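So this first bit is one chain, no partners, the form predicted on its own, shown in structure tokens.
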Amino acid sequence: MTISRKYVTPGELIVEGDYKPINNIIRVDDKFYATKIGLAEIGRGGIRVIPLSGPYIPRVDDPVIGKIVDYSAFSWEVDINSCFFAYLPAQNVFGRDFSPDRESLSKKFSIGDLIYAKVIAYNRTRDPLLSISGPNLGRIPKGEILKINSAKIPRLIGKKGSMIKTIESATNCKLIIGQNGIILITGPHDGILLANRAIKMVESEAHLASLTNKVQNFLSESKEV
């Protein structure tokens, strides 16, 4: 089934029929309406609207890039580009037998350090909890950091990672994507600059259904200059 996309506003009728509502959709009988400004996507899995604006709201299992802003005897406080600060428990880093008398948190992560982590718990009654247990998680040693609207991240990733692969292939760079709208770019200087411009194009033109082709053309033309 071919995926159909179109730009929608809140309250706009997207489609009629027998579909599964996924995200930012309200169903009235057999009619499906958008609840946010964004790009409506109709595919085999159902209907969703990818919002084009709004703050990052943490979700369990989201990978995020954050900055250490403070620490106590038992956890680090992390800015994850949200209206909520997140917390990385010391036990998650040092192990269950952690003791503040034996371990100093500042020796592991300092204020200002960037980390790649995963949200492991969050609800409306508590701040998000993070974990760095897993492949490639932990301190970010180097690279260019770029921040975009977190609502545009699905467009930057693309279907099955198509947009990321397009940008990485054309720029010889590696992109690490945080669902919170923060991206780490590593690679040659010229490639980083080109990747930065391509990502900004995705952010500003996320409502276009033909965006992947436009980015491909931009990258091809830029390499030929």
Partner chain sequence: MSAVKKAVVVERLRKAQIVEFLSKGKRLDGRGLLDFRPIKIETGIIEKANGSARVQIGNTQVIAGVKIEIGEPFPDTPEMGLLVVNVEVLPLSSAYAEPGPPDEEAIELARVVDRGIRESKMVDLSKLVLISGKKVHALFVDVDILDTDGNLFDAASYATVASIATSTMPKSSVGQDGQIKQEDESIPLQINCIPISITLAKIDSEFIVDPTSEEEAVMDARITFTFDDDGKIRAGQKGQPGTLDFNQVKLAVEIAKAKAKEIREIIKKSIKDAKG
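Numbering follows the first chain given and starts at 1. Fair warning: this is a prediction, and the values are worked out from it, not measured in the lab.
The protein also exists as the form predicted in complex with the partner chain; that form is not presented, and the subsequent description refers to it.
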Distance check, G143 to the partner chain in the predicted complex, heavy atom within 4.5 Å: yes
Exercise: E103 in contact with the partner chain in the predicted complex, heavy atom 4.5 Å: no
Close approach of G134 to the partner chain in the predicted complex, 4.5 Å, heavy atom: no
Exercise: G112 in contact with the partner chain in the predicted complex, heavy atom 4.5 Å: yes
Sole residue of L156, I68, A195, I47 within 4.5 Å of the partner chain in the predicted complex, by heavy atom: I68
Contacts with the partner chain in the predicted complex - residues in 81 to 96 whose heavy atoms fall within 4.5 Å: F85
